[in-house]
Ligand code: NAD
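Below you'll find only one chain, the form predicted alone, shown as structure tokens.
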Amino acid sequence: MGIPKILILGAGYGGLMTAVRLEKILNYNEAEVTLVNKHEYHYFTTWLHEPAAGTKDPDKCRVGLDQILDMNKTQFIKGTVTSIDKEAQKVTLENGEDLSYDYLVIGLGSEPETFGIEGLRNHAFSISNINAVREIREHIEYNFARYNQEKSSDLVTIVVGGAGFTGVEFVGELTDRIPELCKEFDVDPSVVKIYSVEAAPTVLPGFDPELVNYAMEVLTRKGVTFKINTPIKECTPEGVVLADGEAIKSNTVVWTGGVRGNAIIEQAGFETMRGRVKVDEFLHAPGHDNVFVVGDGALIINEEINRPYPPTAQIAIQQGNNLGDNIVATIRGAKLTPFKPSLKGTVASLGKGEAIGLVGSKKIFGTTAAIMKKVVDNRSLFLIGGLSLVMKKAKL
């Protein structure tokens, strides 16, 4: 046999961390590592709600892959994956190029989960990548610029579908951005409306009720109107129609109500649930000891509550670290280490200076939680790119 080929698809948290770990522990000429990604950069998905609202420059939410990886150790190919042939052990790119592999790491990220809501895919924005959040920011600014000429309240009414982490953090940033937009474009703040619509009986489903109540109080005070236990039935060019028949007229609908694994995984013939593969304890795709899935495409059950772990950046980074070790162990014929998520805590921002969180069993609120949110974000930077990345991108 020649030198084994390790092919990593996607430079999200899971795929990138796998490559980072492999660079650290592989010996010279022990394996050939190739990373395929659409862009020459990694973007911090957990930060995207900020540039979407316009409170952060999109460029500050990304970093060039050559600033994290040693391109002498990891071959980088800029390209879009169109198919995976697991029997032939090859991946095809949009330009027609075929890449063969001995070990495959699938970290292709997610797509919005629309739950079959009519019109959502065509008429709603999603906070999904750097270009998508640029579009949302520019669209909102353009609507505010139009308002004084057209006097249509639809232009300054924003509907956010889904009140999970992304939705709550996005409306928190919006409440900080709106006063600036009103001042810049001479819009009366009283005509601006922000709606947070959630199908579940509560904001931040599954989160601690005391923290949820605090979040809702803060955001309501900052101008958010919540529509809880109220699914969106339809999204149209004029806004949304709720399940109870209410219509909210809006020129800006942003969908944050859920994600599913990349469709390419399902199209490749892997057994999936909402596009996610139920991996084994070593992150293998079932029946394929040389194929691994990380990040949003991996489904891991928390046995204690018999529910899937949420597809968070924290878990994806841990997966990549574990997987790098296990691929090297596989090559060397050594024992593999089962992956067990280690949850350090969860913090959700509510705009400038406000957040909620659970660190261990301790609940934190307000300024304390906001500071902890920055600590969590900076820790992720350190794990991915070390001190140099922290120095470049740290939240202060």
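Quick note: we count residues from 1 along the sequence shown, nothing fancier. None of these values were measured; they are calculated from a predicted model.
Omitted from view is the form predicted in complex with the named molecule, to which the following refers.
Here the chain stands by itself, but in the predicted complex one stretch of 198-206, 95-103, 145-153, 281-289, 198-206, has heavy atoms within 4.5 Å of the named molecule. Taking a 4.5 Å heavy atom cutoff to the named molecule in the predicted complex, the contact residue among Phe125, Tyr214, Phe226, Phe165 is Phe165. Listed residues Val33, Ala348, Ile327, Ala53 were compared with the named molecule in the predicted complex; Ala348 is the one with a heavy atom within 4.5 Å.
Contact check for Ile265: no non-hydrogen atom falls within 4.5 Å of the named molecule in the predicted complex.
Ile117 belongs to the set of residues with a heavy atom inside 4.5 Å of the named molecule in the predicted complex.
Under a 4.5 angstroms non-hydrogen atom cutoff, the named molecule in the predicted complex has Trp255 among its neighbouring residues. Contact annotation: Val259 falls within 4.5 Å of the named molecule in the predicted complex, judged by heavy atom distances. If you take 350-383 and check each residue for a heavy atom within 4.5 Å of the named molecule in the predicted complex, you get just Lys373.
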